[in-house]
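As structure tokens, the next two blocks hold two forms of the same chain, structure 1 and structure 2.
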Structure 1
């Protein structure tokens, strides 16, 4: 059974403001912490991963999947959603600027792949992405993702 992203999201922040990519990741990390999925240390690990490996987390035009390796800072699997009021540059020439940062905390590789599969379905649906980009509330984001889960 496919992962229902509407149910998996522990935190949704719409029209958030971030000065740069680090601040955008910090917002996604704060959502993971608020949802009980991680400690603050995991947010630092996500930022460190980009500093070390570059903006590989920008997985599609306008979309970053902020994550790091499973670690003691991951308490349980979780997802956070941060749509940005003003796009930010991550340094990925093909997919910048970013307007959506999804925070991912996975306890193992299989959980990571399950989320990637569910996200691929959403990202490939241009009508859904248009609606998600325009969503101004957490309820609107959950409604669109819930509809996609039912249709899958």
Structure 2
């Protein structure tokens, strides 16, 4: 059985409202902070990363993986999940607009590989992604992720 991604998530927000991409990343950052994974400074670092490197974090249609590098603002590894009520433009030509923002924090380059493998499995499953982005509550998201972990 694969790692259940639901167990790795510090927080899950559904049908969240964000005015723009910065607000969307702030929600993902707040989720990491609420879960005890990071401090507020990490949220700023995730926004800085996009300002510096562009909106490359939108890695698949509708999905942004907000993250920065390991830093003192990362207390422990964490993952947050924010699905948006209204899709937001990040400025990514291929994959805008974004409906799901996943916040990622890691303490080093290797510690989170199992989590990343589970995440890759979920994100590459288009049927599951349709259900996950439509899920209205955190419990629904957890239920779908739990099913995927059993099936994997």
Partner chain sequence: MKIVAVCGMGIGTSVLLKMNAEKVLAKLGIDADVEAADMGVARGAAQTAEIVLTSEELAEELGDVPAEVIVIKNFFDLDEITEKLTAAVE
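For clarity, a rigid core is taken as the largest C-alpha set superposing within 1.5 Å between two forms. All values derive from a computational prediction rather than experimental measurement. Numbering follows the first chain given and starts at 1.
Novice: Give me a 1 or a 2 for the form predicted on its own.
Specialist: Form predicted on its own: structure 1.
Novice: Look at residue 86 and decide if its Cα position differs by 2 Å or more between structures 1 and 2 after superposing on the rigid core.
Specialist: No; that C-alpha moves by less than 2 Å between structures 1 and 2.
Novice: Cα shift of residue 117 between structures 1 and 2 after core superposition, in Å?
Specialist: Comparing between structures 1 and 2 after core fitting, residue 117 shifts 2.5 Å at its C-alpha.
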